[in-house]
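This document starts with one chain, in the form predicted alone, laid out as structure tokens.
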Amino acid sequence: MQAFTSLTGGFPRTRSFANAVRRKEKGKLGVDEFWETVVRETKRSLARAVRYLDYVTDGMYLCDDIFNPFIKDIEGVKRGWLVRFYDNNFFVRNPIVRGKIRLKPNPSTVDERIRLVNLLSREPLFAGKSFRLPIPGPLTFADFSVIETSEYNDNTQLAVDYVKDVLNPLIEYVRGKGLIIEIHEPSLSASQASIVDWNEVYRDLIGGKENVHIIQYFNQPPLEALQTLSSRFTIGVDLVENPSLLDNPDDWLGGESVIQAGVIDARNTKLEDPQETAKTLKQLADKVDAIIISSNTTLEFLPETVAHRKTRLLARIKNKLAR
């Protein structure tokens, strides 16, 4: 069994970066100067964390939320109004679907994020790291979308097209650029499964364990979904919210699974005990080909100092798990 560590989703923005965003919005900071700030602050922040990580993201520094600005790269969609993201105290702008959706031939916001990753990868500290690009999953995209077109009769139909005409082209687009697609799918839960048919939606998703990581969090996922998807892709499970998944891993593991174990609570400032966490993970680690140790969801809403401490915990858990 191999063990790795990973950053999931975004990372807290530095004060300098937050100030730059406000100045840009007020027209007091030009495009070039803002880009220089993005690169400098992303390097500065992630450089402290990356030494403890095998997988890293772009920190989502160029993103307002998991949907924006990515939906600008999708034809037939515009940015909507603020809505609460599940039972959290933060909000996202939901996608408004006005027509048939598909990935634009030149996805400019994705290209800008890839450009940032390329700059990071040239830094010595980032050498040998695998980069993941966080984007919304089809179920989550469909659940938060407002359909204002006759092109789609229901959310499942919209999610199927999102896989076929947005995700699959995106996976192909970034495959040659050495990036992994990190699909955020909190809607993969028992309560949502009857609304959006996960089996139908994910049936035609391309890629495999090495380049598609599906990250589930917050809710209790259907065990059948985890078993089916973990046989094809790398799957992330929220073991903070769903510790019962560790009781009988055979009930939901697919063959030759690579599992991301979300054992660090990103919704709490309390620091976990690495010894106890590693001990808890042992049963799961013994049943998979590889385990990726991570937070259960994005760390971006924690204080920056706490996020760095939690990142260091990942490496300590990995070391203790290997003993």
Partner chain sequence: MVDYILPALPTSVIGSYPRPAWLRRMIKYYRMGRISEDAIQEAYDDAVTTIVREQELAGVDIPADGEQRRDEMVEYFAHQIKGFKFYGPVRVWGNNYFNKPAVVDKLEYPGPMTVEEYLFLRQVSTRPIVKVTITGPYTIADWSFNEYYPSKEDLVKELSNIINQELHALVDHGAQFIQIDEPALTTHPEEVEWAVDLINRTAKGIDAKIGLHVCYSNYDLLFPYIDEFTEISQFALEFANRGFNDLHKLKGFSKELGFGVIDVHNRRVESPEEVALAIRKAMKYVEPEMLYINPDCGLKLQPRNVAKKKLESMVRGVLMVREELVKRGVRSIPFRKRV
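Predicted model only: the values in this text are computed from it and were never measured. Definition used throughout: the rigid core is the maximal C-alpha set that superposes within 1.5 Å between two forms. Positions refer to the first chain, counted from 1.
The protein also exists as the form predicted in complex with the partner chain; that form is not presented, and the subsequent description refers to it.
Chemist: Candidate spot L82, N89 and K270, all three in 4.5 Å heavy atom range of the partner chain in the predicted bound form?
Modeler: Heavy-atom distance to the partner chain in the predicted bound form: all three under 4.5 Å.
Chemist: Among E33, D289, D64, E276, which has any heavy atom within 4.5 Å of the partner chain in the predicted bound form?
Modeler: Flagged contact: D64.
Chemist: Partner absent here, but in the predicted bound form, which of 47-55, 289-297, 262-270, 276-284 has residues with a heavy atom within 4.5 Å of the partner chain?
Modeler: That would be 262-270.
Chemist: Against the partner chain in the predicted bound form, would R312 count as a contact residue? Criterion: heavy atoms within 4.5 Å.
Modeler: Contact with the partner chain, no.
Chemist: Indicate whether the partner chain has at least one heavy atom within 4.5 Å of a heavy atom of K24 in the predicted bound form.
Modeler: No, K24 is distant from the partner.
Chemist: Using heavy atoms and a 4.5 Å limit, would one call H308 a contact residue for the partner chain in the predicted bound form?
Modeler: Contact with the partner chain, no.
Chemist: Comparing between this form and the one not shown on the rigid core: C-alpha of K270 shifted by 2 Å or more?
Modeler: No; that C-alpha moves by less than 2 Å between this form and the one not shown.
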